[in-house]
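One chain comes next, on its own, written as structure tokens: the form predicted on its own.
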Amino acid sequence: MRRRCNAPRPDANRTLSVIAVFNQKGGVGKTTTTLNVSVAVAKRGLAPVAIDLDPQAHLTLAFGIRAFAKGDSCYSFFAEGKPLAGMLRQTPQGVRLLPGSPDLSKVDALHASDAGISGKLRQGIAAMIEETQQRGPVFIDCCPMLGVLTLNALIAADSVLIPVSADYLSLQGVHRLDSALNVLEQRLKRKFVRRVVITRYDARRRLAAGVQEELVRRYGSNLCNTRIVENVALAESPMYGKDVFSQSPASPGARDYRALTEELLSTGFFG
């Protein structure tokens, strides 16, 4: 089922968007979405940055980066105040990456009592933009837990992209996140532009259709028209350190992520 997306556009005067990719449930295609949308954006010549803010560092691995200096990860930014610009890694796909590392799991324990920590990433991204003259969108791959790291990502972001796999538990995760964003909007006195995208969709399963109907009912025009179908190429490509366009350009997964990126660009979700 195709629907016209009438969601409001962000401020047309913005030259850069910061997008948090988040769902409180794991296994929904969050990292896969960050990887492939950022690469699709790079193919459009928009020079994106991707930030791996998950202690699992799966985005870093998916980009094919297996080794880097211990002090050149997002953890060094939080633990030592190291500038983000100095840790950017250029990937073969044309995306500049800020690597993640398992040490990020220490951030909650180290900074949970620090009232000022939640705005640290926003300040760091602003400094990175100024130093590097960044003009493409910044994507933040969040960990599936609402803690210090994810709060930093949400406060730094002006948009939130929410992948939802076509299953019941993932559906509950997006409902909880939606409620959390409502509370955060009241605290920050600003709105987040939101889009929900269905991932791992299998039309043969009745549950998938039911999940889509519930998302249409609840989120309306904030639900993307594009659905990401269940596809083996999407699961295999990170194993080779590749995006789906490099691994299997004619696959349904590559088709869907091209379409999703075009949809997000055409509706002004980022630019």
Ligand SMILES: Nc1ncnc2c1ncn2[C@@H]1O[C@H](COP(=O)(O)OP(=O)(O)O)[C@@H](O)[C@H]1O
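Here the structure is a predicted model, which is why all the values come from computation and not from measurement. Numbers follow the displayed sequence, beginning with 1.
The following text describes the form predicted together with the named molecule, which does not appear among the structures shown.
- For the candidate set C224, V49, V28, V37, a heavy atom within 4.5 Å of the named molecule in the model of the complex is found for exactly one residue, namely V28.
- Among the residues A208, V229, L215, A42, the one placing a heavy atom within 4.5 Å of the named molecule in the model of the complex is V229.
- The named molecule in the model of the complex is approached by R200, whose closest heavy atom lies within 4.5 angstroms of it.
- Contact check for A235: a heavy atom falls within 4.5 Å of the named molecule in the model of the complex.
- T32 belongs to the set of residues with a heavy atom inside 4.5 Å of the named molecule in the model of the complex.
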